Ligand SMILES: Cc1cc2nc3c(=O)[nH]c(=O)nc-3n(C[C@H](O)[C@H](O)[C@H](O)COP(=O)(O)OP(=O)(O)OC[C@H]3O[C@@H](n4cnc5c(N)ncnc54)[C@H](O)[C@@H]3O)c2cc1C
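One chain comes next, on its own, written as structure tokens: the form predicted on its own.
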Amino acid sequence: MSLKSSHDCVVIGSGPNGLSAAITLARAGRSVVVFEAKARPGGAVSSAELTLSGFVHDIGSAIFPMAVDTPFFRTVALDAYGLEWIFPPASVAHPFDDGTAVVLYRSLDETLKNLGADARAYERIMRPLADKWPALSGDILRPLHVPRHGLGFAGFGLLSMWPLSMFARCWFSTGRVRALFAGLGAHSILPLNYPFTTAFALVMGMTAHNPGWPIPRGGSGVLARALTSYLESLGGEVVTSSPVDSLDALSPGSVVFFDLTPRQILRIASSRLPEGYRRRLERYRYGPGIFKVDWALDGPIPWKAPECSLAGTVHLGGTLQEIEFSESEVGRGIHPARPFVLCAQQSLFDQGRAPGGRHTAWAYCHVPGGSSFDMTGRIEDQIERFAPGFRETILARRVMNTHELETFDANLVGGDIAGGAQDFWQLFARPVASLNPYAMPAQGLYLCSSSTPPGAGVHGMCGYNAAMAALKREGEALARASFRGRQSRRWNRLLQRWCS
């Protein structure tokens, strides 16, 4: 199919950020087309029957802490396009070997009841942040700028700078809450002694309470379809099975947005980019990958701690020390014997995911980037550790190593689900250090993927921020052109008077 079009804007890639960019542009009156290489839109937000007939699995993203109450998603009423959110009573549970668990409920007050001696410390940290999440998210999820909510943002920033290992030990006295925070911080996909790993724990904690960690009824693909339908209602177009291999294949004059990581951008647009910028993109670093398993189960996961059945997500890693060791091994290129495992159990709350009272489960662990090592046994050992008898419930499984994940979605380079390493430098300089990280130094080219701020997560803010930056830049260019036009007409009138 021809990629030539008469649209004002072209978006390459239909992940959540590509779709949010397209929606933002369409709402501003621009004509937009999105080209997607795969047969269906959504990127890593997709679902399918991966194991047995009737078992619906989320191929990529499964739980959506930031797809409800963030600056972009607040403005889109996706319920009119088939999206229904399900909020489990608890966002996350963290079990221990003694058969107990610590649980983050949506209710902060309910959560405090199971935190023991650390309840007061947890409340001091989390209540002001969770209460202010709707306001703070507008500052946290944007690139470097003067924050609108300076006092609240300063409080978040001062806590965020801590390495998680140090933060958990300084603020909490019990191993249970230290381990809970380690699990939240491990979402950074970094060793927990790195600066700013506490930022990830705080954001995960805030969203666990406000609004909670929801799942889409029917599978993650429903979210992608709702975003696509909303875009089409605005006049936008999504064209699937249409890979873009070169900018020369597109119509000249269109403004182009890349929902891609630097590696793909260099392949497609290298000839349009200045040499210095190309070299900076070539130095962009990708982080560890993941190894993922989906199961069709004969029954629910038989957790020793019954509270785990109240949570959509279960963090499996034991103590702070164990999680620290696991994540540091991944950082050194080692496959941990006892990996930190993120497990989702969507069918407990969405019965349509599996037939006849049966269930699905979804889990992954971190591995060195590009790994082909089979972590199935180690992941199942961790689940069996906290849920004896789990293996007896397995009817079928589907595993995906880093190479299979990258084949599924080219943005998952080496299995990296974050669009690039999220360490200190690349947390703020994504993909390069710039006051406007979305605008490329070539006319009409913009980045809008998770390789730009604020990075990983289904929040749509990379696309939204990129589109807003482009609209502002375009508006300023039009204003300058208008000013030059007015000046030119003024001098022409003066010249005419002088000649007459």
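All values derive from a computational prediction rather than experimental measurement. Position 1 is the first residue in the sequence shown; the rest follow in order.
The form predicted together with this ligand is left out here; the points below concern that form.
Original post:
Contact between residue 70 and this ligand in the model of the complex at 4.5 Å, heavy atoms?
Top reply: The answer is no: residue 70 has no heavy atom within 4.5 Å of this ligand.
Original post:
Are any of the heavy atoms in residue 366 no more than 4.5 Å from a heavy atom of this ligand in the model of the complex?
Top reply: Answer no; every heavy atom of residue 366 is more than 4.5 Å from this ligand in the model of the complex.
Original post:
Contact between residue 292 and this ligand in the model of the complex at 4.5 Å, heavy atoms?
Top reply: Yes.
Original post:
Would residue 23 count as a contact of this ligand in the model of the complex, using a 4.5 angstroms cut-off between non-hydrogen atoms?
Top reply: Contact with this ligand, no.
Original post:
Where, among 464-472, 445-453, 47-55, 23-31, do residues come within 4.5 Å of this ligand in the model of the complex by heavy atom distance?
Top reply: Result of the contact check: 445-453.
Original post:
Does each of 95, 301 and 309 have at least one heavy atom within 4.5 Å of this ligand in the model of the complex?
Top reply: So, no: the whole triplet misses this ligand.
Subject >> Sequence-ordered residues of 3-25 touching this ligand in the model of the complex, heavy atom within 4.5 Å >> reply: Counting only heavy atoms within 4.5 Å of this ligand in the model of the complex, the contacting residues of 3-25 are 12, 13, 14, 15, 16, 17, 18.
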